[in-house]
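Single chain ahead, by itself, as structure tokens, in the form predicted alone.
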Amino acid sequence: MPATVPVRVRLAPSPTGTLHIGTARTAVFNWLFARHLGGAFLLRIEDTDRERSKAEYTENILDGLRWLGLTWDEEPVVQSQRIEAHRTAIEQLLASGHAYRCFASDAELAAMRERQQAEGRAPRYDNLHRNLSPEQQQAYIDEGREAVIRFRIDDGSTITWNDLVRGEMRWAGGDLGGDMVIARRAPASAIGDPLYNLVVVVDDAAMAISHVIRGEDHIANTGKQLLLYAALGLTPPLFAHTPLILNQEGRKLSKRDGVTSVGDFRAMGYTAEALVNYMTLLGWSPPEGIGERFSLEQAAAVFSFERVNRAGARFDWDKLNWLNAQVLHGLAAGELRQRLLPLWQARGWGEGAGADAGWQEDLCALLGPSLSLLADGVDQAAPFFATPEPDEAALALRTDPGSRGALGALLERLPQGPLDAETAQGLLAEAATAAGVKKGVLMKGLRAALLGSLKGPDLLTTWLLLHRLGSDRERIAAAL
């Protein structure tokens, strides 16, 4: 392909389910490649599976890509709206002799596969109807048989291409399963629904796609599609087959592994920045100097297929969690509040005094350094918005005379008005002295009273935040 051809790549998801992490990683690589070379990133919705394709899946895919920041450059192409172009291509192949009608019934095909398995051979179509005479075809038509349309594949041919990830690739025609069905069964006078390999070729050519970047599970399809490009007189794009995403056992990541859709990761509290960052690392090694924590734009500036690995990429939850924590820790308190506020509001939090934006930002500043997931910002914020039920350790302190005495002394000294850090420290020292206990005993009891637990964020900041809401007095009194 001449170097002057504009770079145009595409993501072609099928709206038969939600946006899968593997599809999203393919989108990331396409987007990075396009942006690196100043090209276009396009979308094509492959909805020709009418029974399984649903509008809500299309919207889920588009929403997921927007959330990840993978913006596209033209209106998405909807494959089902191009069926006439697909049928025109099939008519061209029939007219040129590259395709033919096959009348083999399902029962005959099943019997053929059984014979091949019994003989220890891999199941494949035996090209039985490749050279039917007009009389034989008419006899099948008279029987009322419908026909699929098959594309001729020469078993002796060799398909080659230079893969941008894997180098020179060679595929024997005899390993492609026999003549390929390119249209579903229909009356002999008609052309049934066109199938995947045919429509992909026609649509990629129509969209002037320069590079097809997809998972390695499509390698066999590439061999078939290159034959179709040649038969239709079309210039093929360049191909790059990226490694699969594997689970911890080294198998292809699937629904059996639990979380696999982008929406699932989002619901769990992962950020878009961390997820795209991690997906980029699933199969791509960044050059020295960029590190492992980077933005899409930073990755696009240095992206190339020379650093894409051939081996499968194992999904590492620890690495994703680390990246997500880095993103959250780097957010300003105001930005973190914007992300947490919808989650808080979904719980009915943030009314009254707790609705103050400044107070909420101060709460985010307190919690931010300890967050790994956005969901942590819900769990850790809970005792600030609603009085928590004390755990066993906190309940045990309520019977401790020293702790109770110190809390009582603190409650007597607690001002109704504003409280600053210096004054609060002085009150703690006075109350501990008055109760005849060490300051640490009071601090422990105060934490249990305010948070219902002996664990939590910085105690002084926690106290000052709750004092601004006017809830510290109530909680301390309830602990006595």
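Keep in mind that this is a model prediction, so the values were computed, not measured. Numbering starts at 1 and follows the sequence shown.
Beyond what is shown, the protein has a form predicted in complex with glutamic acid (GLU); the following relates to that form.
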Only one of 391 to 399, 150 to 158, 244 to 252, 212 to 220 has residues with a heavy atom within 4.5 Å of glutamic acid (GLU) in the predicted bound form, and that stretch is 212 to 220
Only hit among M180, V200, L367, L323 for heavy atom within 4.5 Å of glutamic acid (GLU) in the predicted bound form is V200
With the partner omitted here, the residue among A12, V9, A24, L465 that in the predicted bound form has a heavy atom within 4.5 Å of glutamic acid (GLU) is A12
(Q) My question is simply whether W349 lines the interface with glutamic acid (GLU) in the predicted bound form - judged by any non-hydrogen atom within 4.5 Å. (A) no
Exercise. Would you please decide whether Y196 lies within 4.5 angstroms of glutamic acid (GLU) in the predicted bound form, comparing each non-hydrogen atom pair?
Key: yes
Contacts from 34 to 65 to glutamic acid (GLU) in the predicted bound form (any heavy atom within 4.5 Å), listed N to C, are E46
